[in-house]
Structures are given as structure tokens and as C-alpha cells.
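Here's a solo chain for you in C-alpha cells, the form predicted on its own.
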Amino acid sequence: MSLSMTYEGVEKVFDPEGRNPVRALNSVSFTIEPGELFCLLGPSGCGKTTLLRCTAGLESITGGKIYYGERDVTTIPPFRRNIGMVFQSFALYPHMSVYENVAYGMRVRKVPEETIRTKVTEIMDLVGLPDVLKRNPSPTALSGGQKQRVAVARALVYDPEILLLDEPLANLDAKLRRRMRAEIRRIQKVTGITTIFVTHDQEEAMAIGDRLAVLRDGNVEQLGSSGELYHEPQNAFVANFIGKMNFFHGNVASAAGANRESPVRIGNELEIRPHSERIKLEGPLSPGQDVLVGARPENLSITNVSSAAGEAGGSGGGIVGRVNVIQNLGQITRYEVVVDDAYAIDALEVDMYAPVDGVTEGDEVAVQVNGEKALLFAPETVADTVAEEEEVS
């Protein structure tokens, strides 16, 4: 039966008595549901791998508690936790055959040989490698994708209560990663084992996870489904980390009372009216208040600046910029547009479902924002957000 996973105020401080203690986790509290495929996501140094290692018992926690179901495992050593773990490096034994690699965990547990043979055969069928088992070579003779499946099989063969995956696809090429993440999700759903998947790749996390937790500096910034984090990010950091977000300098044009549906100006060229549910600031908006406007690439559009000239300067106008790069990505055409720093932070990415007639690289265009889909954030969050995005990339 699948178990839940609960963190209650988990803290981790490295070298707490030293001169330079490092706080890796800050009072982390949330619950992973039984049978859930849960992703820990965040930039390097955010604490996601530390939390995974604490979950496995490879690191002791400084404070708080960790539960597998109703059982407090905070002080229980790793070999008594019945977990399966898959590492980024695969960690297969080159001197052993594929069969012996997969069977290793069961041999340590002194499982009868007949049961080992049955379980290894079953699990290799599950991961789609029955032919590899028949050949039974050394792992050194396998491709990257095959090694990854063998590593997953080894972690699953003794029926662990919890499966932990630490960036298991990081060493694979892009095409193989896409195929393997689908395979891992298929295998996890067949087995029903509660699984934690650590990654810094936002696309990978959104594709594979039932729910995600975005970590930053040891704190959980937001927890939810990929759709919730993409469409309703709670702050600028999450908005910028999950998918691409364009940020504009905005200013509240006039007050609209408690409903907060106030018009917001971006410079003097564009006025939008974000939906009240997409305003991620506390309290009513006030006239003249500075805000940070966020818009996804698909919620921007461009027109040839000459055709937009008649509208410029009013609420239907746009911000004039110059097209730097045009990328044809199949279903969409992506335009990178450079605008004045007074309007936006960094170059804008605009996704159009069809190429815009008459617009080529180097041309001036007018950029419009879908106000209903825009989000409002506190302006002081943007400096750290953009800096961390550059560090991750």
C-alpha cells in the first residue's frame, strides 16, 4: 500500500556550531499524498537535494520531523527506511551483470534465490528491458537510457515504500530525456509507489509531476499542480522560474476600491486592467502605486508599427520595440523584442501562432499585452528574480 510523506517544520543547518553555518532548509512543512509523483524544483543551492537526502536519512535534520505515513522516521537510519533511490550518476556496478545489479538489494536482504529470479524478471519486464536481461551484459555495454532503466529496476525490485529520484535524467540527451520522463511516469503509475523526483528542469517537472514544490533558499515558495504554478504563480520568482515571464514596470492609474480592478499603465503607451484574482499583492491598490506586471509570451502580441500608429498613445496602443530575433518553432513563431528599459525588464519574448506579415528582424513593432491574463506583483521582487534566472540559465 502506498504511503503519504509528511514534513513538519524540517530544518537543516550545515556546520551549526561553526563560524559560517549554512541554513539549507527553513521550516519546510507539507504533505505528499499516497501514490503521488511529487517534484522538488528550484535553482542550484535551493535545498531540493538536501531535502531528498534528509528524506532518505542520508542527512540528519537540525529540527522538525519526517513521517512515512504515520511513522516518525526522523532518527531512523537509511537501511531501516525501506526506500528505493536512483542517483544522477546511475551508480551501477560495472563488475556485475545487469541481473546481479538489479538483484543486489534483494541479496542484501537475504531473499530466497527463486524469489529473486521471479522479481528481477518481473521488474525488467516492467521497465521494458526483457531482452537486455536475456543477454545479461555488464552495464558498461548499455546505452544511457538502458542504464537509467536498470537503475530504476534496481530501486523498485524489493518493493520499497518510497522511491526517491535525484535528477535521474540529467546525464541524458534532450530527446532521450523526453522519452525517459514519460517512461518514469508510466512505471510510477503502474507501481503506485509514492515518489519524489528532484530536478532543476522546469519543463521536466511540469511534464512528469502530479504536484510540484518550488524551493528557493531553503523555503517552499509555492506548492501545486503544474497548471496552478504556471497560470497562478504566487510571486515573481515562481512566475519567472516556471516558464518564461515577461516583466514590465507598471503604475496604478486610478483607484477602484476594494475590488482592486484598477487600470495599470505601462509607460504612457499602454493601459491594462488585470483581473482582481491575478493581482498578487495584499490590500487595495492606490493611485500612483508602482507594480510589476508579468505576462507570458503567449499573452503578448505584436503588430507592424506602421499599422499600429493610429492606436498608439491610447489604451489600445502598444509599446514600440525592435525585433532582435525571430525563431520559427513549428507551432509558434517566437519574436524577441527589445524595448526601452523604462518599460520592461530585459528583452520581451512574444509567441505568435502565425508569422506576422511584413515583420522581419530589425523592424520596429508595437507590443500589446492581454490585460486579463497579466499578473501584478510587488516591484521589489524583480531584481532578485532576474538575477537568479541568469544564474540558473
Partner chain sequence: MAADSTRTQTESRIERLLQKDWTPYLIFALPLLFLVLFLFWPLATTVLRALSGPGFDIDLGNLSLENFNRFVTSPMYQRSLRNSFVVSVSSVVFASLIGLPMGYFVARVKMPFKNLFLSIGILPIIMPSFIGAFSWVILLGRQGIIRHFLNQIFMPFGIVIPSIYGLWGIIFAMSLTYFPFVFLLSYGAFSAANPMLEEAAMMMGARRPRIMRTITLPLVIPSLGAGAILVFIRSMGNYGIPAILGGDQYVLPTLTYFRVTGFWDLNSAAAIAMVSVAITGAALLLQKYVISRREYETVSSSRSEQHLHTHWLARLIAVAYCTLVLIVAMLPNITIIIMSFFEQWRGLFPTGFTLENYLRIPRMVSSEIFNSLFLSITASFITAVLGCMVAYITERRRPKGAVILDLAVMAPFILPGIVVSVALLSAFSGDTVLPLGGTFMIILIAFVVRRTPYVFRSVVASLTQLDETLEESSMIMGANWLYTFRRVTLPLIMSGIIAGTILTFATLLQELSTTILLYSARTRTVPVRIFSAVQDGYFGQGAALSVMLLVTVFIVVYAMNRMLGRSISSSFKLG
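Residue numbers count along the first chain shown, from 1. The model shown is predicted, which means the values in this text are computed figures rather than measured ones. For the two forms, the rigid core is made up of the largest set of C-alpha atoms that agree within 1.5 Å on superposition.
Another form, the form predicted in complex with its partner chain, is not on view; read the next lines as being about it.
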{"property": "Among 270-278, 128-136, 242-250, 83-91, the region lying within 4.5 Å of its partner chain in the predicted complex by heavy atom distance", "result": "83-91"}
{"property": "Partner contact for Leu58 in the predicted complex: its partner chain, 4.5 angstroms, heavy atom", "result": "yes"}
{"property": "Its partner chain contact at Thr115 in the predicted complex, heavy atom, 4.5 Å", "result": "no"}
{"property": "In the predicted complex, Pro284 touching its partner chain (heavy atom, 4.5 Å)", "result": "no"}
{"property": "Non-hydrogen atom contact Lys175 with its partner chain in the predicted complex at 4.5 angstroms", "result": "no"}
{"property": "Option touching its partner chain, based on a heavy atom within 4.5 Å in the predicted complex, out of Glu228, Glu100, Asp210, Glu298", "result": "Glu100"}
{"property": "In the predicted complex: members of 144-163 within 4.5 Å of its partner chain, any heavy atom", "result": "Arg154, Tyr158"}
{"property": "Per-residue C-alpha change between this form and the one not shown, Thr118, threshold 2 Å, rigid core fit", "result": "no"}
